[in-house]
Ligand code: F6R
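Below you will find one chain, with nothing else, as structure tokens; this is the form predicted on its own, and questions on how it binds or moves follow later.
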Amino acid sequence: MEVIICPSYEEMSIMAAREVASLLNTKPNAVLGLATGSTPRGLYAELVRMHKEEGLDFSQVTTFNLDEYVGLPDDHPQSYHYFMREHLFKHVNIPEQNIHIPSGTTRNHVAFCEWYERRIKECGGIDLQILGIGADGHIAFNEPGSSLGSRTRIKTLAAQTIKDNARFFEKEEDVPIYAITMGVGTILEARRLLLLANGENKAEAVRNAIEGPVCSMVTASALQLHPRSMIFLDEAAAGKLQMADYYKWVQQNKPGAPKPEV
């Protein structure tokens, strides 16, 4: 697990976007796993800028989103279909047929989830999965107590998640209580994982995920089991890490890192 602590949210977003761009430049037909929420907006904005100003090409890219609320149509302003269109898809040249987002309106959730798992495999698996983290340490909608071997499925949201997401709706009662989500086991099969976290309200979850035990109560802790996981943090989100100074030292002294002038 590589922990990268950045001075600001903006710097964190730019550095994470460079990792995505590096992958696309070396593998133009990469399969990306995408996340929604306020945290990855800066990353997507930087990818859009790189596409428009630097020619970053998405024409062969395939995408799979982590999750979607059950019951929201694709054009609902709080659906993740809508979020992805507004923040990424309508600004870059990803072919529409290459975009995969869980259906919130399917009538057969079990069959859809099985198809989603098969489709990921048919596309060769996910090369790089982008993740956020909930205040209680969950990834995607894998709430505390979710199996670390779980697969794509319908999940009942925790009260804390509903409360946290209520800011996006008119009132808390409007937040759906179910979602379709990739499982922790599905996420761990991605070749690389890239988790983003910013803000003081994520500091405890970040500490538990990085420096706590691997357990189902903090599903983000499963990233400790992955051989190629990167955690991008701003200073506030890193505020409770016991080994923050060490993580910074590693970044300053890794091969190829710029050396201070003597």
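In case it trips you up, residue 1 is the first one in the sequence shown, and so on. Remember, predicted model here, so these are calculated numbers, not experimental data.
There is another form of the same protein, the form predicted in complex with the named molecule; it is not shown, and what comes next is about it.
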query	finding
Close approach of F169 to the named molecule in the predicted bound form, 4.5 Å, heavy atom	no
Touches the named molecule in the predicted bound form: Y116 (any heavy atom, 4.5 Å)	no
Exercise: G134 in contact with the named molecule in the predicted bound form, heavy atom 4.5 Å	yes
Contact flag, T36 vs the named molecule in the predicted bound form, heavy atom cut 4.5 Å	yes
Single option in L66, L233, V31, A205 placed near the named molecule in the predicted bound form, where near means a heavy atom within 4.5 Å	L66
Partner-proximal stretch of 137 to 145, 94 to 102, 152 to 160, 108 to 116 relative to the named molecule in the predicted bound form, 4.5 angstroms, heavy atom	137 to 145
Within 4.5 Å of the named molecule in the predicted bound form: residues from 68 to 97 (heavy atom criterion)	Y80
